[in-house]
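Following this are structure 1 and structure 2, which are two forms of one protein chain, each written alone as structure tokens.
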Structure 1
């Protein structure tokens, strides 16, 4: 039976070799220890024998563990090597991570919230973080690699079984780290092609909402009135808010200027009761036209 990815076998082999040796030694050490303590307890063994050591034994239990750990190292290394060697024909997807959501960008710039890939075709993920460290982890595929802001990093895999698998963020990234989840969906080539042509980047959502989703806005700003990290979007248009500007409180009405300013310089006017330093500037990612679309959408959330 096929494993979910090409790396499952190697990682599990490396793991089970160590596990086998470990269980052997743990049981051996523990059983010997307990046996000695029982066998040589004072009532059975009133007089101890002072044995200061034995050079042969010392050599033996230095050499044997050395050989065993070299074996463990070897399998860890050889099964790991292919993880850094990406096949030339791999399909490239950019994996964007930011607090606290994933977004997968395909070759023509269209994006998806889930990673959808065709069966038996190698996939290379270019890992891009927009803020802090994240780590893309797919337990079923036995792969994990960090997204380091300001640095290029990558990972690859060959999906071998149709199905849906969890994606976690494995590197702590702040308040909603444990909610930074997504899925890999492995489809047959035909299904994938259909998805790629008809579904990728297409959505029934209004354009403003699509922009909000792509930029991870909704992981902090709810649409239903609950407070997460930032103020809710529900009823935000035209709302009166008390904001902190340079340490002073002032009252404002949420209008186009305020929204634009808040997206480009999020720490300038922070709504009272929320923390500065949580949001990055979107000056280079969201255009003014897109902000107009966002506003059109926000107006509908009353």
Structure 2
């Protein structure tokens, strides 16, 4: 049976070797401790005696652990090094991480909330964080890399088995870290081409909702009245809100100016009961035209 990716067999072997060595020492050291407790208990040796050193034993317990560490390093390095050498024919996809969702941008700029790739085609993910530290982890592929704001990073893999595989964030990134989930879908080449031509970037959602999803707005703002990290979008248009501005409370009415200001300068007017510093500025991401589309959608959530 094929493994899910080209790294599975080697990474598993490395872990089995390290686990085996660790278990060996756990059992050996624990057994030795118990033997010493029994053999040199006070009732059998009431008077302490000076024990002379043993050069052979000291050499052994220095040389053997050193060799074992080198063995673990060898297997770890031989599996890590190929992970940094991307094949020249790899398909490039940009993986965007932000609190608290993933999105994947293909070469023509279209995005998907899931990572969809063709079977037996190497894939390079360019990792981009828009806010805080994240870590893209695909357990079935045995790969994990950090997304660091302002720093370029990447990962690659060769999908070898058709199926669906979980994507997690493996770096704590805030209150809803555990909800930062997605999926890799590995398709045959024909199925992938059909998906790419007919389905990628297409949605039945209204434009405003598509923009909200693309920018992870729904990770913090619900549409059903539930309070998450930020105020709910349900009934928000025209609603009176008490906000904190420069440390003072004031009441405002949610209109276009307020929404635009909140998207571009999210910490300027923070709704009472919620925390500042949870939202990044979208000034260079969302245009005023898109904000108009968002507003038209928000008006439907009454």
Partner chain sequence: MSTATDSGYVNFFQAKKGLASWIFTLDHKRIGLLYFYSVLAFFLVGVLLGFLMRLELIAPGETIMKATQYNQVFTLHGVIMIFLFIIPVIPAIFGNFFLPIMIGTDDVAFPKLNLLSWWLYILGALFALSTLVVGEGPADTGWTFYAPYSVKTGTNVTLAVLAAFILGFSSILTGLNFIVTIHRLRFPGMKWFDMPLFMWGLYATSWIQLLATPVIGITLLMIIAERTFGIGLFDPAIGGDPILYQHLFWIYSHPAVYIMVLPAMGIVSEIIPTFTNRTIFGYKAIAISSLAIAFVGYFVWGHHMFTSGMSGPARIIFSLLTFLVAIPSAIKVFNWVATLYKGSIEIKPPLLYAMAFIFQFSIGGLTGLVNGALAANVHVHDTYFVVGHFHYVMFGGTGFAFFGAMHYWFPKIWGKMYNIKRANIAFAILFAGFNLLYFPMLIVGIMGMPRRYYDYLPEFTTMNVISTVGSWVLIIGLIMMLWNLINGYRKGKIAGNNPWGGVTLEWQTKSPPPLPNFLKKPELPEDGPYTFK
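Residue numbers count along the first chain shown, from 1. Rigid core: the largest C-alpha set superposing within 1.5 Å between the two forms. Only a predicted model underlies this, so the values are computations on that prediction, with no experimental measurement involved.
J.: Only one is the form predicted on its own; which?
T.: That would be structure 2.
J.: Determine whether the C-alpha of residue 21 shifts by 2 Å or more between the two structures once the rigid core is superposed.
T.: After core superposition, the displacement of the residue 21 C-alpha between the two structures reaches the 2 Å mark, so yes.
J.: By what angle, rounded to whole degrees, does the smaller rigid part rotate against the larger between the two structures?
T.: Value for the rigid-body rotation reads 15 degrees.
J.: Rigid-core fit: what Cα movement does residue 50 have between the two structures, in Å to one decimal?
T.: Reported C-alpha shift between the two structures: 5.9 Å at residue 50.
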